[in-house]
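Take a look at this single chain in structure tokens; it is the form predicted alone.
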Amino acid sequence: MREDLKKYSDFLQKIRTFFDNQSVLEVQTSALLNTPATDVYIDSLSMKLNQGIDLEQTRYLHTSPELEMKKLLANGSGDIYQICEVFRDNEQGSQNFNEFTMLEYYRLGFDIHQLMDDMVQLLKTLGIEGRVSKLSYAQAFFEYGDIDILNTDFAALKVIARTHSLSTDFEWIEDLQILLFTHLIEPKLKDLPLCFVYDYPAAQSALAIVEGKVSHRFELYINGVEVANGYDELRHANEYQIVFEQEIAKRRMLKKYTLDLNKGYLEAIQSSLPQCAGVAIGMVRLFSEINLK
């Protein structure tokens, strides 16, 4: 056991050294928040506090440090990173957990391509090397699925899904796009040691900048396992408000719990974020890839 603990300790130290050498500051933000996540398919864990002293409050464990870190970015923190435990309700499967460790970092002045290159250097520091592939989401579907994903409408995608005996019981096109990617494209990525898939359809933008039909975000796959998710970050409070309102509306349609808009966050970033790109990395998945070498 001690040897395993030592390996993980060395892994953490290499990450911290990498960021120290680039003057990226390590930060720690609150894990206990006033509002839950609004992401349609990520559920917050809630808890009751102070019941024994008649000051009962409901609080939520963070599903990601993203919004709290963005408050720091909006207030002049510069480049920052954080390694922390995050918590998610209603998770199941061999790769999904209710609690896991996340590395999240932001680089000012970077776009997603610069951030991808930076991540390659981080991976090299950790001893993860190999041929690096970069495929746009559309290119991946052309090459591995013979589908023009950006120009195929919802009805046509349902026809394609049926030919592969896949479900078509979805409310929104992005969910069907994701299903097709999972079944038709992801299995082919196992043959690519380090693969970045970028420029996702606009409907899958999350908190990334949208330009035309694409959102400027990426995911990193190592030997077919998705380990990271990065964005060209939205900058302005009104842009975040639009996304939050859309997510809350979808959660209501799915009869998931919803609360009011996260006004505290919107007020905290009124000065806007600097132009930056950020990425969240699953530490267990990343560490497992090192141990498989």
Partner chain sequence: MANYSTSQFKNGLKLMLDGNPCSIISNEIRKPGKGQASNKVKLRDLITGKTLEKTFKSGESVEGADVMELDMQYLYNDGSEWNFMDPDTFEQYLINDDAMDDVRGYLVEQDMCVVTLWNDNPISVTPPNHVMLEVVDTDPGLKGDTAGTGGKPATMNTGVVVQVPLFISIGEKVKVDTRTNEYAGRS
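Not measured: the values here are computed from a predicted model. Positions refer to the first chain, counted from 1.
The same protein also exists as the form predicted in complex with the partner chain; that form is not shown, yet it is the one meant from here on.
In plain terms, the part of the chain that comes close to the partner chain in the model of the complex, with a heavy atom within 4.5 Å, is 178-186 out of 122-130, 178-186, 71-79, 136-144.
Here the marked residues 26, 118 and 232 all miss the partner chain in the model of the complex; none has a heavy atom within 4.5 angstroms.
Mapping the unseen interface onto this chain, residue 169 counts among the residues with a heavy atom inside 4.5 Å of the partner chain in the model of the complex. Proximity of residue 96 to the partner chain in the model of the complex falls within the 4.5 Å heavy atom cutoff.
Interface residue remark: residue 85 is not counted as part of the site for the partner chain in the model of the complex, having no heavy atom within 4.5 Å. Although the partner is absent here, residue 248 is not a contact residue: none of its heavy atoms lies within 4.5 angstroms of the partner chain in the model of the complex. Shown without its partner, the chain has 41, 42 in segment 41-56 as residues with a non-hydrogen atom within 4.5 angstroms of the partner chain in the model of the complex.
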